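Form predicted alone, single chain, as structure tokens, below.
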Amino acid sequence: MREIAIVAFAQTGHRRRTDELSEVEMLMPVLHDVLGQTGLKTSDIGFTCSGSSDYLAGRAFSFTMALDGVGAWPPISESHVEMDGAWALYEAWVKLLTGEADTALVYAYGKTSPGEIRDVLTRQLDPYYVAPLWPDSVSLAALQAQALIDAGDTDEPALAAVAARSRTAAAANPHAQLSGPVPAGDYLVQPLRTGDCPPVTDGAAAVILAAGDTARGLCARPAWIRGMDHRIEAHSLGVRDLTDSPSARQAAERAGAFEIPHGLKGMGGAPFVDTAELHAPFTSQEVVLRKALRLGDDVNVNPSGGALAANPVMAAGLIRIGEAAARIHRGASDRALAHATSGPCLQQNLVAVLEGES
């Protein structure tokens, strides 16, 4: 199979509001940054793919305006997914695997601040039985958290510890929105407190993919994508076990997370990674993912702070992959697992396994 790597990653400094910036103005510095890291020009990119949501932008086909920041002339090979940018990266990865391009630019953005994101995300729900009840995203996450507590998988102090660890790690991340000591706060929806929930965030991110020797020429230590897969749970929350994520586990299996890398010895059953960037907007979701992905205490989980430190909807999953790749680029990790999710209560899950050359 053709070797594909992430060779560059850039993101905004994430903020609570960016009223003074349009999506294009927010995206432009990120695109300049990621291209500047490789020395590539827009005309050197073989394929461009983006992820965003018209519900956030409040207008149809809003992604076409973002192309003003990319530069769509001369005509470019371009695609878009109405999903988190991690799924745009998946499409670009497949495009490069087929040999139709040698380089790809993937970007994603989300301005969460203009509307009530808790209500906007209700539009993802089953339109006949669930959406008419208007259960917001925090209420649904609280159902999942309570199910975990009732099952004995966690408790409120353990959830607070997840938040504290994540935001302490984010102190070393100059792009994080929240870092350091963050109060647990009052209950938003019991058992979730303010500190258990992600901040409202405006932000954007971009990565560049390249194949084979092209990747080696653009980056001193490429983050090779050894496998990637995505799976989905049933749409109806009532037929799912909210304390587990079989789709995340299956995506990890298909991505090769549990395979023993060449040259290593060990028992199967746990992923052979030193870092895991998990897209867990709520503390309770990290508990679910750790169990589903069989992550032990020896794995450095969310050293960037994760989505609890900054959660630009439609870009946060791509950022998890970019953060994992960036650690490989600078030699802080040798093999990393990156995860992205979409939908309520970890409904859709994507897992990528990244590896650096020795």
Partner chain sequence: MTAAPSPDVLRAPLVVEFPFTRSLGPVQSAFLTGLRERTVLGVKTAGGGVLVPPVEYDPVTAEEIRDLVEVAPTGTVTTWAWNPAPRRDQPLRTPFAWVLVKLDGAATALLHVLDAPGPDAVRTGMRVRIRWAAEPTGAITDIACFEPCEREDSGAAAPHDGRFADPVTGITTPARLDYTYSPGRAPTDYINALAERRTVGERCPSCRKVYVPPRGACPTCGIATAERVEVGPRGTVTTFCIVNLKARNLDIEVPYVYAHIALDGADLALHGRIGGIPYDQVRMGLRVEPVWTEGGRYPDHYRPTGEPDADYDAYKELI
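All figures in this text were calculated on a predicted structure; none of them were measured in a lab. Numbering follows the first chain given and starts at 1.
Although not depicted, the form predicted in complex with the partner chain is the subject of the following passage.
This chain is displayed without the partner chain, yet in the predicted complex the stretch 21-29 from 21-29, 346-354, 5-13, 333-341 comes within 4.5 Å of it by heavy atoms. Using a 4.5 angstroms threshold between heavy atoms, residue 118 counts as touching the partner chain in the predicted complex. Of the heavy atoms in residue 70, some are within 4.5 Å of the partner chain in the predicted complex. Residue 99 falls outside the set of residues with a heavy atom inside 4.5 Å of the partner chain in the predicted complex. Among heavy atoms of residue 289, none comes within 4.5 Å of the partner chain in the predicted complex. Contact check at 4.5 Å (heavy atoms) against the partner chain in the predicted complex: all three of 127, 140 and 238 pass. Of the listed positions (247, 275, 173, 177), a single one reaches within 4.5 angstroms of the partner chain by any non-hydrogen atom in the predicted complex, namely 177. The contact residue chosen from 157, 183, 132, 152 relative to the partner chain in the predicted complex is 132, the criterion being a non-hydrogen atom within 4.5 angstroms.
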